[in-house]
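Here you get one chain, nothing else, as structure tokens; it is the form predicted alone.
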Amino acid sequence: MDRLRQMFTVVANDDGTTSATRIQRHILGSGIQLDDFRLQTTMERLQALGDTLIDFEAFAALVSDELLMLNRVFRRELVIPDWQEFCTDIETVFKQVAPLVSGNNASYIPILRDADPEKWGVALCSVDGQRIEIGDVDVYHSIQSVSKPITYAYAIEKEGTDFVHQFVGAEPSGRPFNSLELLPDLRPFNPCVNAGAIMTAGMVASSWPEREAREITTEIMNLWSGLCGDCGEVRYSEATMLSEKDTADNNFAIAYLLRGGRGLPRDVDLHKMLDLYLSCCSIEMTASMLAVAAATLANGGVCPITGRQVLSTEAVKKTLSVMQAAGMYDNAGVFTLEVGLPAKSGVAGAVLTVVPNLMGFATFSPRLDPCGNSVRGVAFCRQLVELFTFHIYDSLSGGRTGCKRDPRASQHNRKQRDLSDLRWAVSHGDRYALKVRDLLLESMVAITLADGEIEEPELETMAETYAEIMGHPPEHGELQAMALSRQSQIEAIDSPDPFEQLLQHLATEQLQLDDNARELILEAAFRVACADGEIEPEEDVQLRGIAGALGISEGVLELEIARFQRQRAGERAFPVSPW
């Protein structure tokens, strides 16, 4: 009963009651939609209650059938606990990427050429079903090559891995997606290049000898519906299919090459094989739908918003491996190097990306780079990985990621634990803890003197920040004495610049500092810089200098500046710094 009481306290008013509206608002704030299948009974009961006030006993009866899920929601135990903060960061990245207008629409068929190049949308879905959608996420577009890994997964499920890999390889090609080159044994390199996708379509088509390509496409569309949890209608564009076929000379050449080399699976009809391949490219979905499909892959084949096992975990593992190696056309190697996540792009402007065991996301923007990938989509992926520990090898950082965020953990809880450890260690004279304390003091003083003056609000902020971090106020006059000493150094003509000395000191020490210590030092400087309610140009330069010397990603600092500016504009009620 104690835990149930704690759950009720989260949503209760001061008078010891709550309401359906308040409960629903809290659920939405966690990222869970009100139509979530795991909360169906609770939502029906809330709707029946209407505006009736809910006391503890009524609340206990209300949530009893879906207690485990609601407990996770109310106690912030979903895979991304600080959901609102995470969403704010995503919005910041979305806005930063929006001004990118390089690249051009795919021009080989009219429907792609004439698409609005200004469209820009991002949708994310966690493996717990938490969802955020920004921008043009409901625009239907042909999925094009995003279809390729799912057709491959379908073939594995239907025919088995051994049969599939008799006809298609799993090697990155390092060549354009429409290349006619094959492996030495005359198999296509992988299922993500055109040759491999055509051969995969041939395997699927050969398993349905009695059915036409369009009928088999319906089976693939049903798979997509399951992957996206039926959150939207999976459509088919006959106009796209006909345009694709009219411009398919290169794909016909590939098909004849495959037939004349290794041969086609079960001697499938070449035209049926190509029709199925082009039909799968002509399936239409939205970024919102693709994000849920990506989350299903991230969740090992179980759709987060329906709970259904859509693909086997083994099929998903192989599909993600192929996406990692070859999903971004002939830029796949650079993408793996910089982003380190399995992804697949399409020339209509979609990029579907998977963060295993955490979330999937999809972007939509029609302008393409020379490799055929969405300019904004790739930029969004890069920036996201600069801010969060999403790269497949971030776990090798040894606690030194450049202060990237891990959205799987509550930043507030982690900070409180780290502060408790630091205070305890300082009280016992730990050398590392004392070093961290001294460096944050030095950094605060340097920012105080950014404009050459010692201002009272800055000294007060220094004292407040120190007290919050260390758990007790600084010794009387200590901060002012340090600031005056530094100011004297600045005024001495022959003295080295004390701020440059600080940067050199931080750069030397940062090799021995973990992310937690670096965050505390930058936070201290940041708070002092914001003491007067804005960041002056000189302070901005110095904050960036401190972040650089500490090895902190510039993108991380940009997030903090953006949060502060939003707070000043009244858009969000976040503290100056969430560190």
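As the structure is a computational prediction, the values presented were derived from the model and not from experiment. Numbering starts at 1 and runs along the sequence shown.
There is also a form predicted in complex with a small molecule; it is not shown, and the following applies to it.
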* **Three-residue site A123, T363 and F380 fully in contact with the small molecule in the predicted bound form at 4.5 Å by heavy atom** => no
* Heavy atom within 4.5 Å of the small molecule in the predicted bound form: which of N299, T448, S145, N190 fits that? Just give me the one. => S145
* Structure fact -> the small molecule in the predicted bound form has a heavy atom of only one listed residue within 4.5 Å, and of F74, F94, W224, F177 that residue is F177
* Asked: in the predicted bound form, which of 123 to 131, 343 to 351, 259 to 267, 435 to 443 comes within 4.5 Å of the small molecule (heavy atoms)?
  -> 343 to 351
* Asked: Taking heavy atoms and a 4.5 Å cut-off, does Y152 contact the small molecule in the predicted bound form?
  -> no
* To do: Please run the contact check for Y329 against the small molecule in the predicted bound form: heavy atoms, 4.5 angstroms, yes or no?
  => yes
* Report whether the minimum heavy atom distance between F335 and the small molecule in the predicted bound form is within 4.5 Å. => no
* Looking in the predicted bound form, any heavy atom of T461 within 4.5 Å of the small molecule? -> no
